[in-house]
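What follows is a single chain, given as structure tokens, in the form predicted on its own.
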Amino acid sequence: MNASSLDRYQRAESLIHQLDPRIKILLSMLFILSNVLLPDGAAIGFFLSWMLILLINIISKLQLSFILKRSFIALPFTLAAITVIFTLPGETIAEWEIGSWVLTATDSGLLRFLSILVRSWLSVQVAILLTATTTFPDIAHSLRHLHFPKILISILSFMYRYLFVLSEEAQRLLKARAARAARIPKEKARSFLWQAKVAGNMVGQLFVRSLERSERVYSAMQARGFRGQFLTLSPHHLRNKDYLIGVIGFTLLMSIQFIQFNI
């Protein structure tokens, strides 16, 4: 697995790509905050937010399927909030008896769950747009300019840089296993316990190799004068165009709030 298969940055010449990363990060955070502030069942507000995402997607010259297919990956995680259907007071819409338990679904709970689902879906889409139009070094450098904790930025930077190394190491382990196992007995291949044992051994080997490599990398970086901060060649100077787009984006988000709360 190479870096291109993990990196979601899409190179293009567009207004969004050329925008200063600090403005993009701030607007993305404001967009997520705007979704959180919308009341449950705010159909108009959610629809306008999605229209804004589609507009940005068009300006970014990205395919619509690019963000849609990747945004659905967040939906299964929202199932953790399914309990609100049965715990939030409201008018009963259905009941299920499970032994001595009685699960009562309410209209308020269902509305809250659907709203959480939509909020999560929209927030993931704007995050995908951010990573698709901004390289990770620019994101990390902008976070430092925005005075995020340095230790957090360093952890994110190391994780991103060496995620590709770990994936390559895992691929080598898989190739080595395939080269040493010309034929797997059918009774073992179908055994879940046998497969779990093999996977556990591979994970253990990957952990040991990663630990050894991290020590070598740390020693090499110390020898080269690393002081806990990654540098970039991008100057990141805010231009008048960046300020203008930032004001326009903030105005659009405030307009969504105003329309939703005054209809």
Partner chain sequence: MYLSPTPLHIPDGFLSILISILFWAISIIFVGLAICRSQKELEDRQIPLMGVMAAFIFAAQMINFPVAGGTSGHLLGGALAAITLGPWAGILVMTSVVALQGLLFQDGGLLVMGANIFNMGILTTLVGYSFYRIAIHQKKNIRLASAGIAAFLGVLAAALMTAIQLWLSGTSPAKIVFPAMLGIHSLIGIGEALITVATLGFIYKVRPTILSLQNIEEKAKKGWVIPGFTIAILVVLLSPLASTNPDGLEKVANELGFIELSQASIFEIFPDYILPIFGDGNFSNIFAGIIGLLLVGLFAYFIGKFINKRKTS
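Residue numbers count along the first chain shown, from 1. Think of the rigid core as the biggest set of C-alphas that the two forms share within 1.5 Å after superposition. This is a predicted model, so every value here is computed, not measured.
Beyond what is shown, the protein has a form predicted in complex with the partner chain; the following relates to that form.
Although the partner is absent here, G90 sits far enough away that none of its heavy atoms falls within 4.5 Å of the partner chain in the model of the complex.
In the model of the complex, the partner chain lies farther than 4.5 Å from every heavy atom of L114. The partner chain in the model of the complex is not approached by R144, whose heavy atoms all lie more than 4.5 angstroms from it. None of the heavy atoms of Y243 is located within 4.5 Å of the partner chain in the model of the complex. Using a 4.5 angstroms heavy atom cutoff to the partner chain in the model of the complex, none of L15, L52 and D107 count as contacting. I73 is the sole member of A94, A176, V102, I73 with a non-hydrogen atom within 4.5 Å of the partner chain in the model of the complex. Although the partner chain is not shown here, in the model of the complex the stretch 29-67 places heavy atoms of M29, L30, I32, L33, S34, V36, L37 within 4.5 Å of it, in sequence order. Annotation: Cα of Q63 displaced by less than 2 Å between this form and the one not shown, core superposition. The Cα shift for L174 between this form and the one not shown, taken after rigid core superposition, is 2 angstroms or larger. Annotation: Cα of T135 displaced by less than 2 Å between this form and the one not shown, core superposition.
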